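Shown here is one chain on its own, the form predicted alone, set out as structure tokens.
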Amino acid sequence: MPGGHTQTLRPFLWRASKLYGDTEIVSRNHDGMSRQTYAEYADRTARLANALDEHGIEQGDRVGTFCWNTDRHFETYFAVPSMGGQLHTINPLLPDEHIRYIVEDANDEVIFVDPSLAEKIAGAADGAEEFEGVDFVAMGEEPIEALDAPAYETFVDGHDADYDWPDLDDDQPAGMCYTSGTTGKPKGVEYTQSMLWSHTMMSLSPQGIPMADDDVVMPVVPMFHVNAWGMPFTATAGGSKQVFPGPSPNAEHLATLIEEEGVTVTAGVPTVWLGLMEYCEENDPDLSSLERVIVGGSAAPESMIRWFDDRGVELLHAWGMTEMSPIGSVAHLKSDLEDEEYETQLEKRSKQGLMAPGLEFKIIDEDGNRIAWDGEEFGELYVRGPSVTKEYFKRPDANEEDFENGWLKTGDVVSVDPDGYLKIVDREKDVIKSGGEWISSVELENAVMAHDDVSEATVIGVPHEKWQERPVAFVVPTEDADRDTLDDEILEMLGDEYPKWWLPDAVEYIDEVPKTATGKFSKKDLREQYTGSMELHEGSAPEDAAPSR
């Protein structure tokens, strides 16, 4: 129902600007630290909306971002959806081919580009018909000549701080993010106004990831990755001070921001916190303000939970998916477990946790039956709820495969214990997660098999101390292949097509790839044969092979 009282994002900003107008939004930018208040932020979002309006952006148009976590990026988070546009956050770590496909598939009208990422997107756009008709805006005070992109400040300068925000329907598309699987092209997930509203309200609940007006929130998880887990929306709704860590923050940057800005809540993948832990061992930053660290993207090791516990910081394990906006479960400790022994509590907190309020789940075994909540049986996790998408963008093939009677089939194989704590046992699809980012194993192995001297090849994820997983290619060379140079040739060939962090850490020669009864490559058998004896350690991967955040 249209009108001013629907489930949309705009009231969250209205509340923050009216009740917490003096609360700060702090950002580490290329041109130094930036500070503004919610009142000033509301004015700037209106100026941006007016600028986009003048540029010709209409309701339903898609506006892309190719940016890090900054205040200017945050301004697009409310300006674009609230004027009826759709904010499409693009992952700059993807291969150029994927970026070209995503931009064309989404039909982006304008893309806001961080200066440090200009070369990357310029390379993807060079000579590409997918980018025809796309305009660029440089996220800073200087233009990017290579993209014919005016500076953001020039783009918004002179525009009115008042905007006639339209009344929007609940089902108006507000956001968009693409997810990559093991096969095929990336799949677009559209977020409606009501999906993001529901996700924000769910996050604000005590069983979600609550953020209040006495919190200082720093999302380290990228804003190009499922809206930084919705944190910018949740923090705004709660009236929290927000701190954006800017381009490629390292552990020193994060520690400094925590210390100087009094950060209480932060979130990121385990790699980020491993880096911070290492930094703290060699330095002595003041982290006393920190109350809660949210970990997702990959499982947090028990040692990490203990490390933060020893410093009086709660490490909160969470799980979700792009298709879920993204939070699905959070490993809060139930009240009846508060008197249990620490080891019992740790075992619960190490799992993916309790399904968040508003969501439902069921776990289905291979025979289509629901499994028992005994912590032993396992099956595929199905979820549904107001923040869960019901279909992919323009992908009827994937819709038929991944949705069933209103349920999202997650592809994660899980167990659930009698207390309701979910634990991911394995992933049904063989994507590799390195530093919290997906790498398609199938795409890599197809590329490897394009080499004339490769008979068969498969790629699996091998445990890694720092990045959680790294790809390793297992290759069956042809009879006349030169094994002394083939591995270097393969890596060089892949390096021409994929970013460095996608490249396998090793190329191992084998006599044949294990097969299933149906003739498919059996990665399960390969993992059992090899990974126990070749666990990768820090330093094994080439420098900057994996995502740097």
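All values reported here derive from a predicted model rather than from experimental measurement. Numbering starts at 1 and runs along the sequence shown.
The next section is about a form of this same protein that is not shown, the form predicted in complex with a small molecule.
Enquirer: Flag this candidate site as yes only if Y77, M176 and S198 all have a heavy atom within 4.5 Å of the small molecule in the predicted complex; otherwise mark no.
Expert: Negative, none of the three is within 4.5 Å.
Enquirer: Note which of S240, S415, Q352, Q193 lies within 4.5 Å of the small molecule in the predicted complex, where distance is taken over heavy atoms; exactly one does.
Expert: Contact with the small molecule in the predicted complex is made by Q352 alone.
Enquirer: Quick one: from R72, H332, R470, H225, grab the residue that has a heavy atom within 4.5 Å of the small molecule in the predicted complex.
Expert: The residue from R72, H332, R470, H225 that makes the contact is H225.
Enquirer: Tell me, yes or no, whether A318 is in contact with the small molecule in the predicted complex, where a contact means a heavy atom of each within 4.5 Å.
Expert: Result yes; A318 sits at the interface with the small molecule in the predicted complex.
Enquirer: Whether K433 contacts the small molecule in the predicted complex should be assessed with a 4.5 Å heavy atom distance threshold; does it?
Expert: Yes, K433 sits close enough to the small molecule in the predicted complex that at least one of its heavy atoms falls within 4.5 Å.
Enquirer: Using the partner position in the predicted complex, report whether E443 sits within 4.5 Å of the small molecule, counting heavy atoms only.
Expert: Residue-level check for E443: no, no contact with the small molecule.
Enquirer: Please determine whether A299 contacts the small molecule in the predicted complex, using a 4.5 Å cut-off between heavy atoms.
Expert: Contact check for A299: yes, within 4.5 Å of the small molecule in the predicted complex.
Enquirer: Within 4.5 Å of the small molecule in the predicted complex, counting heavy atoms only, one of 160 to 168, 361 to 369, 289 to 297, 143 to 151 shows up; tell me which.
Expert: Result of the contact check: 289 to 297.
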